[in-house]
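Okay, here we've got a single chain as structure tokens, the form predicted on its own, with questions on binding and movement later.
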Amino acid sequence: MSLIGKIALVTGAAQGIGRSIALRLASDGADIALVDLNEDRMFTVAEEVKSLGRRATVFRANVMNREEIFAAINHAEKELKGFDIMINNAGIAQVQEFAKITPEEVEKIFGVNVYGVLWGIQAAAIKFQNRKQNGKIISASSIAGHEGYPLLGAYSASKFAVRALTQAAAKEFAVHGITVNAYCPGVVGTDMWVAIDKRMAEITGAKIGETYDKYVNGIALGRAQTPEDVAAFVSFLAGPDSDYMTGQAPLIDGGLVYR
């Protein structure tokens, strides 16, 4: 699959799934704009992108801030001379008993996981329309966007919301040649899942690693997911083979949740 000549922006690109997405899109030919709050790690990923023979630029932004997301896209367009693909990957997890969820916790997780996606879709769609071109918008949902999980109530709600935003935006922007899709990973071996497992242990009394192992043992393919597994699917969504697909949020979880 070729993305040669395409310009992609990836939020949450400094580590984990975001880093892998950036590197996969670069290996498939795209030039990459990296957006994150961690500048040091972003510059490291930028060097990795350049080592693949592609151009890279970095922009520090908080996805909760609408103006900063618009500025990030303007930066990508200016520095890389174009804009074709928006990857709203930035997200956080949150483990809390349902009865103890606080307004501050809801505000934080919705700020990143929902508002960040909303502003990213909005800013990208406006830019594509202003440039009078087709475009692809791809956002991070989760298996928790298809099925609510205990101790992940607010997180699950935020990921269900991503699916709703994806469907609504896809219907509105199709007339402009803009496709809007999402991807729904499962149990990925990243720092996020280390934190989830630790917090689950604190609440339930389980041993460290026990919750992670329980979920992994339920995966039909018999192993935890890697960031590269997710990135490969995102590359499909970013490429020409998915041109007739919009408004969808497929599961990419090794066989854990079935819909």
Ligand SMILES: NC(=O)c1ccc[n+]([C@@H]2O[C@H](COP(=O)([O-])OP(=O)(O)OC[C@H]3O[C@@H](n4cnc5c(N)ncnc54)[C@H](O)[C@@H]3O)[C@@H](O)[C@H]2O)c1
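Position 1 is the first residue in the sequence shown; the rest follow in order. Quick caveat, the model's predicted, so the values are computed rather than measured.
One more form of this protein should be noted, the form predicted in complex with this ligand, which is absent from this view; the next part is about it.
Student: Would residue 191 count as a contact of this ligand in the predicted complex, using a 4.5 angstroms cut-off between non-hydrogen atoms?
Tutor: Looking in the predicted complex, residue contacts with this ligand include residue 191, since a heavy atom lies within 4.5 Å.
Student: Give a yes/no on whether residue 135 approaches this ligand to within 4.5 Å in the predicted complex, heavy atoms considered.
Tutor: No - in the predicted complex, heavy atoms of residue 135 and this ligand never come within 4.5 Å of each other.
Student: How about residue 201 - does it come within 4.5 Å of this ligand in the predicted complex, if we only consider non-hydrogen atoms?
Tutor: Although this ligand is absent here, residue 201 would stay clear of it in the predicted complex, with no heavy atoms inside 4.5 Å.
Student: Can you check whether residue 238 is within 4.5 Å of this ligand in the predicted complex, heavy atom basis?
Tutor: No, residue 238 is distant from the partner.
Student: Is it the case in the predicted complex that 73, 121 and 250 each bring at least one heavy atom within 4.5 Å of this ligand?
Tutor: No.
Student: Which listed residue (187, 154, 80, 170) meets the criterion of a heavy atom within 4.5 Å of this ligand in the predicted complex?
Tutor: Only one option qualifies, and that one is 187.
Student: Considering this ligand in the predicted complex, which of 27, 226, 62, 44 comes within 4.5 Å of it through any heavy atom?
Tutor: Contact residue from the list: 62.
Student: Specify the contacting stretch among 171 to 179, 123 to 131, 84 to 92, 99 to 107, defined as having any heavy atom within 4.5 Å of this ligand in the predicted complex.
Tutor: Result of the contact check: 84 to 92.
Student: Which of the residues spanning 105 to 143 lie within 4.5 Å of this ligand in the predicted complex, based on heavy atoms?
Tutor: Heavy-atom contacts to this ligand in the predicted complex: 112, 140, 141, 142.
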